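This document starts with one chain, in the form predicted alone, laid out as structure tokens.
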């Protein structure tokens, strides 16, 4: 692996696993800008609220961190910009959802809604799974959102090509119990300010190039992928929602949490995992367990309504699957500069190696504390927060065209209690 590709050096302690993360990434402005803007913009779920939606199947390009530009398709809002992934459609349980689709592409397209029954169609032409919108044509889909949860919506026309090209998105059905609950169960309450989308996708750039150039593509050949979360590859995953330099990729994948406290911060964060790719992806938050509470839009309950949710360290998100996941971060050691000693000796600055002179380490081990770093080191830590990698555990998926770290990678940022405010 080249020096350019070595973007993380982990050392020291954080909870029971690691506490100092030194970031060493490509010496590109993109990496530096992504790091500087950490925490200065929202990264939670961005909803396009319904229950009526006007979408258009259209095309455009996204960028990836190695400088390439990838031709993509999407379901964009009528009158709105091209974006990947397609908008996150949010509706309330019991609402009648209407999706009007206009086709701007040169071949028929359609939308299916896995997990929902009784989908009615108006207009279009018959297709294998549902009515399709022909080129320059339209079709309308409607159904009752009878089950809360996290769902994919995606093309039902030649799926191995069109879903791969980008015709997919997330559909969130809010339960009648309230938007701060994942399902109609009091045990599924979460922090509404900490709701995150993790839409995984694999992009075979050779297929995308063939489609753009109107050439045939042999699906039996070895496929060559970029790996993305919310349409971005690391380090772009860290940038906030809607940054100007990623105009077609509006959704962040940075996860932010504060230490659990039974009084001041009792609720978990909610991660909504979706896999719109053809590959299965084993994903985990490094050094942390999560609790799987639902799969494919169904709360995990037994025949007697007993709670069958479970802890997971690495969860494989299968192709076409969705999971709803709770996560809490507990400050097990409770390190504090004045009251609790650090259980190990921290090396002197002269004995630390800062690769490419870039780091997210604050210079102090205790959460929320800032310290010294060597002269010439660029510090992207804002307020003494911790950083943990969150990534696919299929290690070939955490690179950008043979340059790592990259791909299906993001960070879990642990803020001090009360949140992370930049130090003056």
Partner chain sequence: MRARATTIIGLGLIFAAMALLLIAVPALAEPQSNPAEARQAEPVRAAPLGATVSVDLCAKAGTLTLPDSTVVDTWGFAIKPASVACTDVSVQAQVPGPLLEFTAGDSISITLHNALAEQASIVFPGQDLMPDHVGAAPGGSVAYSFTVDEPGTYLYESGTFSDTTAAVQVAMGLYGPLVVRPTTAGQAYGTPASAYDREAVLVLSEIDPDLHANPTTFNLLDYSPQYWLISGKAYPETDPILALPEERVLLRYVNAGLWNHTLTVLGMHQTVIAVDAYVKNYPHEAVSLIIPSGQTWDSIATLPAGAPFGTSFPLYSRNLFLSNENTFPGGMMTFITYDPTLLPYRNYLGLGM
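Source: prediction; values computed, not measured. Residue numbers count along the first chain shown, from 1.
Although not depicted, the form predicted in complex with its partner chain is the subject of the following passage.
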Can you tell me if residue 185 lies within 4.5 angstroms of its partner chain in the predicted complex, counting non-hydrogen atoms only? no
Contact of residue 117 with its partner chain in the predicted complex (heavy atom, 4.5 Å): yes
Does residue 159 reach its partner chain in the predicted complex if we count a contact as any heavy atom within 4.5 Å? yes
Residue 306, heavy atom within 4.5 angstroms of its partner chain in the predicted complex: yes
Region of this chain that lies against its partner chain in the predicted complex, out of 260 to 268, 70 to 78, 134 to 142, 218 to 226 [heavy atom, 4.5 Å]: 218 to 226
Has each of 58, 83 and 104 got a heavy atom lying within 4.5 angstroms of its partner chain in the predicted complex? no
Which residue, 177, 95, 90, 278, is the contact with its partner chain in the predicted complex, using a 4.5 Å heavy atom cutoff? 278
Please pick, from 243, 112, 248, 292, the one residue with any non-hydrogen atom lying within 4.5 angstroms of its partner chain in the predicted complex. 112
Going by its partner chain in the predicted complex, which residues of 124 to 140 come within 4.5 Å of it through any heavy atom? 128, 129
